[in-house]
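Listed next as structure tokens: two forms of one protein chain, kept apart as structure 1 and structure 2.
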Structure 1
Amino acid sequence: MRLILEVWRQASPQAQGHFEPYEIADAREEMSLLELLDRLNHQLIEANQDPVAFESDCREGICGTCGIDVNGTPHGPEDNVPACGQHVRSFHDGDTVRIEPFRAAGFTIIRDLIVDRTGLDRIIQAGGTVAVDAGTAMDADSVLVTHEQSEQALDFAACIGCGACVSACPNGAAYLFTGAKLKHLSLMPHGRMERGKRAVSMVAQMEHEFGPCSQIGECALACPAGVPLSAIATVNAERLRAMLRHRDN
């Protein structure tokens, strides 16, 4: 299969970027989009040209390292699938595929398709954690958790931290990411102890680096972990709860 790739090339955060067209004459349906980029880089290296910088690691959908916008959609054409699970079979012979980095004010481009997503990690550092030191926890069987609650916590804890939600949002908001962590920890017995305090600190950090929620819901369609859209409502619900209660928990 023949594909034309229009790939964003940018040498550094300060440099001016541009789309560069490339032809892949022997793309195959079973290639993932990352393998398509591998193929392109192989071609470029053979021709002594600078390969495209892009990130990936586990290539099985769980590490959250990969992230590219494909024809304007985070990760690629299929909903709720990370770039490593998106395949060339979604395209047709002769198609043009435009590949660019995740676009959001909160993500700086480092080089080509690589962006700085550490703003998400700073939201976690602000309070997405549980204040229990090693060795001090009580027996986990003495803390009862219903089957339903544990499964629900996992629905939100499944977030892989890729940042597709931010890129999908016209405002570059990190509500789905932040709400997923607030909800997950609010459903955990120990996590509940800092529920109010956490909501205040995480939301403040989120608003410091990312945009306001657009309430449109592209984030949940892009999310490779299938985090429920209700996570975005959690952000305001948890913040309001904390404002009204004035308590740590």
Structure 2
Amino acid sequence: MRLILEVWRQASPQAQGHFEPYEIADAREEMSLLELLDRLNHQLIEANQDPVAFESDCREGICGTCGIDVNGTPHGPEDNVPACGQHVRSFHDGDTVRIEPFRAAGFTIIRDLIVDRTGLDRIIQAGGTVAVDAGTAMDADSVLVTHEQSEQALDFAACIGCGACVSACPNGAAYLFTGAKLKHLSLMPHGRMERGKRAVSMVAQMEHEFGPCSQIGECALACPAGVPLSAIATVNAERLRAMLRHRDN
């Protein structure tokens, strides 16, 4: 299969970026998008040219570092699938495939397809933790959690922090990411004392780093972990809960 790749090349955050066309004459349908980029880099290295910088780690759909925009869609054409799980069979012989880094005001391009996503880390640092006593581990049945509650919490804890939701949002919002973390922790009995403070701190950090929610819902389609759209409602619900409880006190 022959594909034309239009790949974003940018040497540094300060450099002027541009799309560079490359031809891959021997692409195979079973290749993932990352393997396609591997093939391109092998071709560039053989020609004594600089390879394309992109991130990848597990290539098993777990870590989320492989995030890229493909023809304007975060990760690729298939909904709820990370870039490492997207395959060349989604395209046709002779197609032009445009590959670029996640586009959002909160994501600075470091080089080529690599962006700085530490803004998401700062949201977690603002309050995505729980306080527990150190020392001897508690008995497994000392804190009771129902099966339904734990399963719901796991649905939101599945977020891998790839940033696709931010890139998919026209406003570059991180509501799905933040809501997933808040909902997950609110469903667990651990850390209940920090629940209000956590909501206020994390939402404030989110609003400082990223844009407002567009309320369109593209984020849920882009999320490779399948985090439900209801996570967005959690952001304002948890913040309002914290404000009301503070007022009552």
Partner chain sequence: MAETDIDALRVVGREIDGHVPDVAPALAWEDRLLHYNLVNPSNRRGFTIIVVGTGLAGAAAAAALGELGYNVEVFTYHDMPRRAHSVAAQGGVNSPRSRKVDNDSIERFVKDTIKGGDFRGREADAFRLGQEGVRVIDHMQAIGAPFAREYGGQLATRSFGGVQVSRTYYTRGQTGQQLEIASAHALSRQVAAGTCHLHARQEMLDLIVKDGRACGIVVRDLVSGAVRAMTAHAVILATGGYGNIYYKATLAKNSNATAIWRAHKRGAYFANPAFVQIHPTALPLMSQWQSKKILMSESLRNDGRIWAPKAKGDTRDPNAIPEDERDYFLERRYPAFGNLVPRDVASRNIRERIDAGYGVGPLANAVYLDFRDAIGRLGRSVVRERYSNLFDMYTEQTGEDPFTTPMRIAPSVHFTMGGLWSDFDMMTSIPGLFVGGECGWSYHGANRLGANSLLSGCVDGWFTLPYSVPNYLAGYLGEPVLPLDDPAVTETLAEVEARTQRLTANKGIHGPDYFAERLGGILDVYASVSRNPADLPGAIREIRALRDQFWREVKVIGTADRLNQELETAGRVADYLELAELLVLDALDRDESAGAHFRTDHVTPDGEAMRDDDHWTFVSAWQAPPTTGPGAGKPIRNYEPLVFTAVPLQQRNYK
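Quantities reported herein were computed from a predicted structural model and do not represent experimental measurements. Residue numbering: structure 1 sequence, from 1. We call the rigid core the largest set of C-alpha positions that still match within 1.5 Å between the two forms.
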Quiz item: Just one of these is the form predicted together with the partner chain; is it 1 or 2?
Solution: 1
Quiz item: Once you lay the two forms on top of each other by their rigid core, how far has the C-alpha of D133 moved between structure 1 and structure 2, in Å?
Solution: 4.4
